[in-house]
Structures are given as C-alpha cells and as structure tokens.
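Encoded as structure tokens, the following chain is the form predicted alone, with no partner shown.
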C-alpha cells in the first residue's frame, strides 16, 4: 500500500477544504478528518487510488489550495476525479458527518420474497409504476419506449 506522506496530507487538507468547506452546521473536510484517519480508511478500501492520489498531490504541492483545485478542475493537472472521490468518500465515512446527515451507512435489508404484496401496498414501487416502462430496445427489435 502506498503511504501518504504528511506533507501531501497537508496539500490534501487544503484542497479538501476548498471542495468541502464548513457550512450550515456541517464540518469542513478537515474538521471531519478527511486528510487524517479517514484518508487511511479510503486508501484501505480503495488501494488503487493511493498511487494516483500521491501523483496528483505532488503535482499541485506548490500551489495554494484554491489554485490547485482550479487547475485540477480545468484539467491542467489530471486527477481531479481521484481527489474528488477520496475527499467525498472520506467525508461520507466520517461518523460526525454521517450523524449530521442522518445517514446510517449501508445496511443490509432482508427482503422476504413472499411479501411482495405488502411491498406494493407500501408504495415502494409507485414511482416506477407511475413512470411506466422505459428501457433500451434489444438490438434488432426496433422497439423502445
């Protein structure tokens, strides 16, 4: 696993706070811990992001945070998607952020296949039924809706 050096974590902290500043009672990315323990969690979950992240942070290390984000967004330095995934992913892994959002995280929901009637009465499928069928035609059939 690629380690993220403290100096690059500092670069990420600045970028992260430009992407996710504190607002409306929500913590900034650094207040949530994105460039610290949450970065380690993201890299553990997505080790494929570590090396590209180091590359991107090294490329913008001499920029101030706002300039770095502007360059990344403009594509002058490739890797905006990598940084955005790491920052947003880490932010949403923060227990504080999850609590503020009322997001419990991913939960396993057991579906009883014999309980389809109740599911229909609960309205779970109402938006789908109201929308009607939409799909891409199977090649060669020429049908679509």
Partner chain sequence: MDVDRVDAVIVGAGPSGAVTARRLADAGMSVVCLEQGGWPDYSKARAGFPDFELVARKHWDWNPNTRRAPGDYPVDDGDSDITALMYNGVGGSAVMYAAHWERFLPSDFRVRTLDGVADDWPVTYEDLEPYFDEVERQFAVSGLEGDPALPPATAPPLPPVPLNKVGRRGAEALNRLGWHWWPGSNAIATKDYGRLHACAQSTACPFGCPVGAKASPDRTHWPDLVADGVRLVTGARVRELVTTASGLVDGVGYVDHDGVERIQRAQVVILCANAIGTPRILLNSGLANSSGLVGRRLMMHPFGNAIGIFDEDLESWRGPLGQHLHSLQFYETDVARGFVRGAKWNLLPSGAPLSMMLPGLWGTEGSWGEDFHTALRARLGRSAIWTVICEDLPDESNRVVLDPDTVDAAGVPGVRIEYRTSENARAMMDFHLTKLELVLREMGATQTILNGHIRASGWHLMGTAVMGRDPATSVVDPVGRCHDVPNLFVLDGSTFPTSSGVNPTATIAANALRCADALVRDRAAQVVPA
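Since we're looking at a predicted model, the values are computed, not measured. Residue numbers count along the first chain shown, from 1. Note that the rigid core is defined as the largest set of C-alphas that superpose within 1.5 Å between two forms.
One more form of this protein exists, namely the form predicted together with the partner chain; it is left out here, but the text below deals with it.
Using a 4.5 Å cutoff between non-hydrogen atoms, residue 89 counts as a contact of the partner chain in the predicted bound form.
When contacts are judged by a 4.5 Å heavy atom cut-off, residue 100 counts as touching the partner chain in the predicted bound form. Among heavy atoms of residue 71, none comes within 4.5 Å of the partner chain in the predicted bound form. Using a 4.5 angstroms limit between non-hydrogen atoms, residue 20 touches the partner chain in the predicted bound form. Residues of 20 to 43 that come within 4.5 Å of the partner chain in the predicted bound form, judged by any heavy atom, are 20, 21, 23, 24, 26, 27, 42 in sequence order. Relative to the superposed rigid core, the position of the CA of residue 66 differs between this form and the one not shown by less than 2 Å. After superposing the rigid core, the C-alpha of residue 23 moves by less than 2 Å between this form and the one not shown. Core-superposed comparison between this form and the one not shown: CA of residue 117 displaced by 2 Å or more.
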